[in-house]
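Quick heads-up: it's one chain on its own, the form predicted on its own, in structure tokens.
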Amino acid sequence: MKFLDGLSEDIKKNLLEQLRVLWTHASTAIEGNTLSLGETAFVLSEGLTIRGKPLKDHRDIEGHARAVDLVFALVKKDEITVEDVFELHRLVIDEQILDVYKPVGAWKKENNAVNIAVGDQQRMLEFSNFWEIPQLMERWLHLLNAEMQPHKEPEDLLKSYARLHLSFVAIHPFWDGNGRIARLLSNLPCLKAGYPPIIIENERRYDYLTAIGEYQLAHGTPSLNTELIHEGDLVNRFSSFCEECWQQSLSLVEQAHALQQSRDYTISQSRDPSL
């Protein structure tokens, strides 16, 4: 990943860990996880639990962090497959009770719906039919692999992220974990092009869910007879929102490179005091 170029091994390792912690905390917090950023970092670095916090929250943190590691590894692949998606789901969902209708590492087996409230409008929305999921996700993976190009500019990457994210959560291929998987997989074009991940700020959960809700209310859910993504103002607005959130990880990368430059300058000075 190009954003790591020029960094010493220790700085590179620390930066990747910062991104891993931030990504894990933000994405799980959006889903209701109660661990703070500092607690998330502690759990992942020390392997210990936080007194008074639910065990499920610890498992969710650990599973998501392993999923981030897998996403970093997937950047090296030429093609992302269905099995890659299933493996991410197995990491993100640590379900102790087996349920044939709630499979882990497989597409959903029954339809599911959600209530969406945007402004003064409230509606129940059913996601894509479960029997259409394999074909819809084949189309989605084709889109993902087409978007993974090594020389994309930031503006194009934001559009790629928005298209992939909105279409994935509209399909809703799993019984649970769809938001976390969308926030992971939709970042592969960014990482492939050498940029850090877009990390949705958990403090902006309302804005994030509202933007997704507006899109889904306007366009419904994908089927085999509709387009996977509907381009237009709502996709552009979601892209702009993601650009604002992107500043977190971009700032961490900038700080790491500033530290590297300071270190390099200090070393050069110590070797040649006349400089």
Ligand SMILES: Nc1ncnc2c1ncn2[C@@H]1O[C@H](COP(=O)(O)OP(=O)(O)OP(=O)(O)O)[C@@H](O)[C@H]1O
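In case it trips you up, residue 1 is the first one in the sequence shown, and so on. The shown structure was predicted, so the numbers you read here are calculated from the model rather than taken from an experiment.
The discussion below concerns the form predicted together with the named molecule, not included here.
The candidate site formed by 31, 114 and 165 is fully in contact with the named molecule in the predicted complex, as each residue has a non-hydrogen atom within 4.5 angstroms of it. Taking a 4.5 Å heavy atom cutoff to the named molecule in the predicted complex, the contact residue among 242, 209, 65, 235 is 209. For the residues 72, 195, 127, 107, the 4.5 Å heavy atom test against the named molecule in the predicted complex is passed only by 127.
In short, of 99 to 107, 167 to 175, 138 to 146, 79 to 87 it is 167 to 175 that has heavy atoms within 4.5 Å of the named molecule in the predicted complex. Proximity of residue 27 to the named molecule in the predicted complex falls within the 4.5 Å heavy atom cutoff. The named molecule is not drawn, but in the predicted complex it has a heavy atom within 4.5 Å of residue 205. Contact check for residue 216: a non-hydrogen atom falls within 4.5 Å of the named molecule in the predicted complex. With contact defined as any non-hydrogen atom lying within 4.5 angstroms of the named molecule in the predicted complex, 183 is the only contacting residue in 181 to 198.
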